[in-house]
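As structure tokens, one chain now follows by itself in the form predicted on its own.
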Amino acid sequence: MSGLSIRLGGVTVLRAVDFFIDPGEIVTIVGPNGSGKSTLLRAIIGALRPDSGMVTRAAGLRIGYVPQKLHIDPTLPLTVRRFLDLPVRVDEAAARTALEEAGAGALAGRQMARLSGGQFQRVLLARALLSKPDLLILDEATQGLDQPGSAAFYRKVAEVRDKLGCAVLMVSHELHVVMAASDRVICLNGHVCCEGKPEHVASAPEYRALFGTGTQGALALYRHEHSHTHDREAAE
């Protein structure tokens, strides 16, 4: 997209936003509440028309979407496998593959209402993968998970990207986790304040003005712990 501007209720929510994402790239959008992150996602998927500027998508682009949250009536008897059949029945092999790719292969017979938060999000990820997306969008997809759960979920997303080659666009407030999992970060506050590699954005004056300086240390701490996790896994 280029020069994207959107007004909602007479208020300019996004102004002159330029955005692109390359195949296989993981891009995270960060910004305070009301900064236009969800509006930008809606424009990307075609749910909102820009007041000016343009959105260009590759021909035949397939998009998978993982929402912030999805409420399911806890009294409704609904297994994970049946959930994947809504609203359209999917092939058994395709459902099994999507669950395995999302790290939820053992959950097919479980009741949706009895899943943990992390398991639930992995099932939503599996549902998004059914379309074999070229672009996977996650809108605050780990809201409500603790930090280890969020980190594990984003590591799984990185594995999905590596295996399928899809681009990944994430929106999150969990700066210390998502920035470490990203190839590029865009800081949004009605317009693009700054963008680039996580280390560049974390040290940018515009970013620090919005979020302070503490997240850069958290980013380094996460990477240190993440590195040790891989060291332990390699040793095992």
Partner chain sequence: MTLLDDFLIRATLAGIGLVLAAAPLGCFVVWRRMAYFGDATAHAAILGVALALAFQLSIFGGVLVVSLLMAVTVSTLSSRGYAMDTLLGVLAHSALAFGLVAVSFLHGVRVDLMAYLFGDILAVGRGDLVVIWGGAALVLGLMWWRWSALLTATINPDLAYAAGIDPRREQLVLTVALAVVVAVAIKVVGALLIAAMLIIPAATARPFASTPERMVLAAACIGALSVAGGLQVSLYWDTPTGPSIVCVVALLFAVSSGAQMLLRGARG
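Numbering follows the first chain given and starts at 1. Quick caveat: nothing in here was measured; it's all calculated off a predicted structure.
Quick note: we don't show the form predicted together with its partner chain, though the next part is all about it.
Although its partner chain is omitted here, in the model of the complex all of Ile63, His71 and Arg82 have a heavy atom within 4.5 Å of it.
Only one listed stretch (72 to 80, 146 to 154, 100 to 108, 159 to 167) carries heavy atoms within 4.5 Å of its partner chain in the model of the complex, and that stretch is 72 to 80. Although the partner is absent here, Leu86 is a contact residue: one of its heavy atoms lies within 4.5 angstroms of its partner chain in the model of the complex.
Shown alone here, Pro67 lies within 4.5 Å of its partner chain in the model of the complex, counting heavy atoms only. Using a 4.5 angstroms limit between non-hydrogen atoms, Arg114 touches its partner chain in the model of the complex. Though the partner is left out of this view, His200 does not reach within 4.5 Å of its partner chain in the model of the complex, counting heavy atoms only. Screening Ala58, Ala47, Met54, Ala209 for any heavy atom within 4.5 Å of its partner chain in the model of the complex leaves a single hit, Ala47.
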